[in-house]
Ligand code: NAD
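Only one chain is shown below, in structure tokens, and it's the form predicted on its own.
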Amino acid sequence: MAFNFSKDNLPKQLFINNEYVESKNSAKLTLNNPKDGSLVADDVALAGEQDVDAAVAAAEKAFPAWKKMAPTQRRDIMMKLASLIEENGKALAELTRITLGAPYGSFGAFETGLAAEAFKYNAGWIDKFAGQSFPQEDGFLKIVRNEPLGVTAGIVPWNGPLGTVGLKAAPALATGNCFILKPSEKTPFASLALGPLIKEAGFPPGVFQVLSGDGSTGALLASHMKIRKVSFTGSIPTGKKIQEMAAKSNLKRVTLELGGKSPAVVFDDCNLENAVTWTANAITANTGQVCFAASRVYVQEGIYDKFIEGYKKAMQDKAKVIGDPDDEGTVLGPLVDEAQFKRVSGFIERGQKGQGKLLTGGSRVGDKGFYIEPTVFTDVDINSEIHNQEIFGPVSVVRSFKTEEEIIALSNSTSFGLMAGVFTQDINKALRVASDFDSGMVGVNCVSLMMMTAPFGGSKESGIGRECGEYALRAFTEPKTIMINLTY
């Protein structure tokens, strides 16, 4: 089955049991190109209840053999898929770009690379994810096995539609689960295009399936009585609904990677250039549509004026590389769609009405498409919405501070706890502050990044559970304790 998908030949069908099939649901998804608002497609499959049931049935049938498949064979299949993703990386990135608007050079290449690396990394774990054994002095040898859960599902976001597939599908498949992928209704094409690659890699029918759809499809997965685990990345309100549906159905396991309002704390003794570079990049990557973007920047008063000067220039320089995401020199593309554009614009408009002072940006770029300037507010009211709510666009707030104690309290003052950053050349201070952040991840002299080998996720309302590293494998397995009576 050759891979021949492109913007002129879009994948629009569901991928169930290793075949493309029409949805039994008459409703369809409509998608537009964010660079100019033009229609991309209005006939993309929206999986309904019958479609979800069909995928679950195929997965249930495939699970026993996939679970027992030799580790080396499962590893080779996953490694083959990784290679196929790399080979078709530009085409997959184009399929995302047509409705996300993310340029290939600044985002598409990174995202396809992340997806491929996730399958490679997790494939390497297949014969190394050991269980445990405990002493037998009491007459019983205790062995703990890591058992796959069965049929699992992943609901991935529109802002990282292929990279997050790797973070969810790869550990699920590596540990012997079957996996149903539900891409966002805003960016479904790269996920749907995986069908031929899944088949060519050698996945048996029913093991890895793709169901495009909207929130109603996600709700069917979260509430399905035969799905044992759902991993979701997205907003806090939706994450809460998924957890509720999971609990009310079969008490399925959940991993939730939700929102953030990440603080970056810049001390007087930092490397100023490094701090400016990281904080500016962190709020403009993917046009600010990143869950762990450094959207709150706190600068100690001794270097505040110098930092502001550098930060403002850096953000204005970013505005110069906004443009058509299909052009090679473009770094920043548009926001994903009109709804997101209106949301971000609303925050900016309300922010100028007494919440803070506009330092730079704040305006629409051009007269078509959903482009917006990188925007910075200073002297922000700590009780304002632009200080406390996730905007999910290239908008940051900056405040000065005096003491370490003061800024720790302010950094921890929101309901989020995904990412934080501290910039200082004092290692003792860095470790002290990193420990005091109420956050799942902390960068020292860096911010807003993740590592495949280390746990990724947040505290408080930023999520439940972790992705990446061994923690992802644990999230898709159940420990089984076997007790052997040695005195029998």
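Residue indices: 1-based, along the sequence shown. Remember, predicted model here, so these are calculated numbers, not experimental data.
Quick note: we don't show the form predicted in complex with the named molecule, though the next part is all about it.
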### Query
Can we say 53, 208 and 231 each have a non-hydrogen atom within 4.5 Å of the named molecule in the predicted bound form?
no
### Query
Does any heavy atom of residue 219 come within 4.5 Å of a heavy atom of the named molecule in the predicted bound form?
yes
### Message
residue 296 versus the named molecule, in the predicted bound form: is there a non-hydrogen atom within 4.5 Å?
### Response
no
### Query
Counting only non-hydrogen atoms and a 4.5 angstroms cut-off, does residue 456 reach the named molecule in the predicted bound form?
yes
### Query
Does the named molecule come within 4.5 Å of any heavy atom of residue 311 in the predicted bound form?
no
### Among the candidates 315, 98, 408, 418, the residue which, in the predicted bound form, approaches the named molecule to within 4.5 Å (heavy atoms)
418
### Query
So which of 319, 331, 358, 245 reaches within 4.5 angstroms of the named molecule in the predicted bound form, heavy atom to heavy atom?
245
### Query
Of these, 371-379, 152-160, 127-135, 300-308, which stretch puts a heavy atom within 4.5 angstroms of the named molecule in the predicted bound form?
152-160
### Task
Any residue of 241-260 with a heavy atom within 4.5 Å of the named molecule in the predicted bound form counts; write them all down in order.
241, 242, 245, 257, 258, 259, 260
